[in-house]
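Okay, here we've got a single chain as structure tokens, the form predicted alone, with questions on binding and movement later.
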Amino acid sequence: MKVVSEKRERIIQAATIIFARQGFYNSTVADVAKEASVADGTIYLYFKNKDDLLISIFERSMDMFIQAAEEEINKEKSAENQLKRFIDLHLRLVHKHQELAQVIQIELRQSSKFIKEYANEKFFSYLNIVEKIIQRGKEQKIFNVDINAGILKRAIFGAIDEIALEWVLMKKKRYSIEEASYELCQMFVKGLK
């Protein structure tokens, strides 16, 4: 079973490289197979099609992020510090995994199959982490008790996502990921109080 998961993982990693380099629509299953050093047919043992492979990249990245986010926020008791860690982690992962960020930020959003048909449970788990932090901040009387956590979790995601997208698209980086993280943290922490 370990060999199966290793080969599947190798295919996902190869697809991430190929989709980032060539674009999802310009890539073929044969391109991914070649990068993964497997036969073309091997891809279909693990994935239904190229769209399924793209969704698998997303799910794997969300699992990685959710696990890392939970570990990071559990290091803090204060909701303010948890929110700062969450924002910083998201942007640091964009910086560390640039090919993956490019696939998630650009290629995934062009997939009509993903947008229309995918039940995005992993994304809702991501948003729920933010909502729990906001709720905790309200309970700790750090954040304004009148704020709507359901609206703000999406606003926070939207801001982080926009910075991540711009950073991925910038050829010449005008600011560091650390600077972006600091500015977002300042804006949201002050705004939530």
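This structure is a prediction, so every number in the text was calculated from the model and none was measured. Think of the rigid core as the biggest set of C-alphas that the two forms share within 1.5 Å after superposition. Residue positions are given as counts along the sequence shown, with the first one as 1.
Note that the form predicted together with the DNA isn't included here; everything after this is about it.
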Which of Asn49, Gln67, Ser125, Gln140 has a heavy atom within 4.5 Å of the DNA in the predicted complex? Asn49
Within 4.5 Å, heavy atoms only, which of Leu165, Val38, Ala159, Ile129 is in contact with the DNA in the predicted complex? Val38
Interface membership of Ile151, the DNA in the predicted complex, 4.5 Å heavy atom rule: no
Answer yes if any heavy atom of Ile147 is within 4.5 Å of a heavy atom of the DNA in the predicted complex; otherwise answer no. no
Is there a non-hydrogen atom of Ile55 within 4.5 angstroms of a non-hydrogen atom of the DNA in the predicted complex? no
Would you please decide whether Leu45 lies within 4.5 angstroms of the DNA in the predicted complex, comparing each non-hydrogen atom pair? yes
Of these, 130-138, 57-65, 151-159, 24-32, which stretch puts a heavy atom within 4.5 angstroms of the DNA in the predicted complex? 24-32
Between 169-193 and the DNA in the predicted complex, list the residues on our side with a heavy atom within 4.5 Å. none
Checking Gln22 here: with the core superposed, does its CA move 2 Å or more between this form and the one not shown? yes
